[in-house]
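The data below hold one chain only, encoded as structure tokens and taken in the form predicted on its own.
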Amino acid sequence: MHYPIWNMPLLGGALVIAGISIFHVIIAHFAIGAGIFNVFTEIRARRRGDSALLQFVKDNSIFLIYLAFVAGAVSGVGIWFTIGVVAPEATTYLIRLFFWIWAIEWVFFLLELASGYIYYYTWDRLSPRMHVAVGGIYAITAFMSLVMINGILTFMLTPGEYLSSGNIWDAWLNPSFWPSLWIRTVSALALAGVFVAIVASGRKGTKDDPDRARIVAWGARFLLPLGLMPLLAVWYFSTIPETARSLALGGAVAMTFIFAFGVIMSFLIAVYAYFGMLRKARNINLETALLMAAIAFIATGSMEFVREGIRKPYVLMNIMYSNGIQVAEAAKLNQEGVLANAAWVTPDTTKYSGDVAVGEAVYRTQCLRCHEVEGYNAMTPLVRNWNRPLIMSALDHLDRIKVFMPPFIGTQREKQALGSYLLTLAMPDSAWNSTPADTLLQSVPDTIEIGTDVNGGTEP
């Protein structure tokens, strides 16, 4: 309520955050998994005198620079920018609560960057033991960065005892901390294994090249932990609130399908890694590896989408609604009104008039965060052919009609005004943009039969 409202037309701010975040998560998980893969592979190659395997790690450690440090850093900045402008209330809350956790994570991140560059640029310059040690520092600091961030992300869904204790350690070491950390670790190792399959299978040489097959088989071992994903998912879901669990397990059909896809695909990749990559490594080609990578990326994105979606109607579970209004402020706003407390929002009297102008301003404060007027998750199709009694009934029982919706918060006049604005969305832009508000509202019938065009005639 204390920040300007920023929105991306048609796409919506939430979709922008989701797109950048999923891309960054895949890159960040790869960076962690690749660090672990590199150090263990270098140790294995040096102990066994496997020059081909050692050369593979040496040649491809450059991807840590390109992907982890360049693409990861750029997308990381993108996340901070988008969450800062789209969800400033939640961002502020998390920064203030986890200030020192963020600070520790940034220290680990700086060490990760430094050790990663040193690892890449000191091949054949440091002794083998020292070079492995540098790789170990990178792997540890990258993983510890994940540990720090994991506690903050899981807090958003499972604040646990923090709600009563106010203790930061209850917030960070929350109920879903450990299962989430295991899931992310397994995902990181798997993405490293997928990358190995892509690079190794794309190498020049014959299909029967024994070095190529051996490298693919070694990388497959990092995919095998994905077989634990169904068990880890059960553990994770046992720690989250019942309302969130119900959304993923049938309460929201789309969410259920996306969750099932993520878990099943992760398990099937593990099965393929064993029977295809490990036992028949010579049969892996670039096309197969790229297809597996696409499935792995979509599965990772699916699980991230579910994690975000099952928090609804909150952005911070039981603390802040998805529109940025804190639960503790609801009673005050119901009495004083949301517009009276929204310093940056005023009715747009140049485009609207009367209650419609007020309602459009209320819409920006309470609805626009998730619903574009036209575009992603658009409001217009949702209210098409709705009459005023139906709209007002929905506003009266938003959180009961759809459990992933927050309740309407504001005065009765603001609710009536929002109803007036939503009613105009049933009319074509050409009609309500050029018609006075009072005339327009009178022209919309109290009841609209399904299949009837509000402009006259019937729809096909």
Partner chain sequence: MNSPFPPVPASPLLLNYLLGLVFVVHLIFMNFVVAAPLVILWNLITGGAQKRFISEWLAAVLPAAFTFTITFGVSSLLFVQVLYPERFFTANILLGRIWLAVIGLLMLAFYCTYLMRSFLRRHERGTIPTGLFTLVATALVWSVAAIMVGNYFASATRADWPVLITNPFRVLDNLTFSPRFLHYIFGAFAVLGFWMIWISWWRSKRGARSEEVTAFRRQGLMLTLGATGAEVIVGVLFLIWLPSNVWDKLFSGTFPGLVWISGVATSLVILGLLIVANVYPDRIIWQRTTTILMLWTTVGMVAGRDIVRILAFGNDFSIDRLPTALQTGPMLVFFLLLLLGLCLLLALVWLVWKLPPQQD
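Residue numbers count along the first chain shown, from 1. As the structure is a prediction and not an experimental result, all values here were calculated from the model.
Keep in mind the form predicted together with the partner chain is missing from the figure; the text below concerns it.
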From the list Met265, Val134, Ala217, Ala361, which entry has a heavy atom within 4.5 Å of the partner chain in the model of the complex?
Val134
Exactly one residue in Thr185, Ser115, Ser322, Ser145 has a non-hydrogen atom within 4.5 Å of the partner chain in the model of the complex; which is it?
Ser115
Is Gly84 a contact residue for the partner chain in the model of the complex, using a 4.5 Å heavy atom cut-off?
yes
Would you please decide whether Phe195 lies within 4.5 angstroms of the partner chain in the model of the complex, comparing each non-hydrogen atom pair?
no
May I ask you to state whether Leu97 is within 4.5 Å of the partner chain in the model of the complex, using heavy atom distances?
yes
Pro230: touches the partner chain in the model of the complex, heavy atom cutoff 4.5 angstroms:
no
Which one, 383 to 391, 269 to 277, 186 to 194, 76 to 84, holds residues whose non-hydrogen atoms are within 4.5 Å of the partner chain in the model of the complex?
76 to 84
Interface residues of 84 to 120 toward the partner chain, as seen in the model of the complex [heavy atoms, 4.5 Å]:
Gly84, Val85, Pro88, Glu89, Thr91, Thr92, Tyr93, Ile95, Arg96, Leu97, Phe99, Trp100, Trp102, Ala103, Ile104, Trp106, Val107, Phe108, Phe109, Leu110, Leu111, Leu113, Ala114, Ser115, Tyr117, Ile118
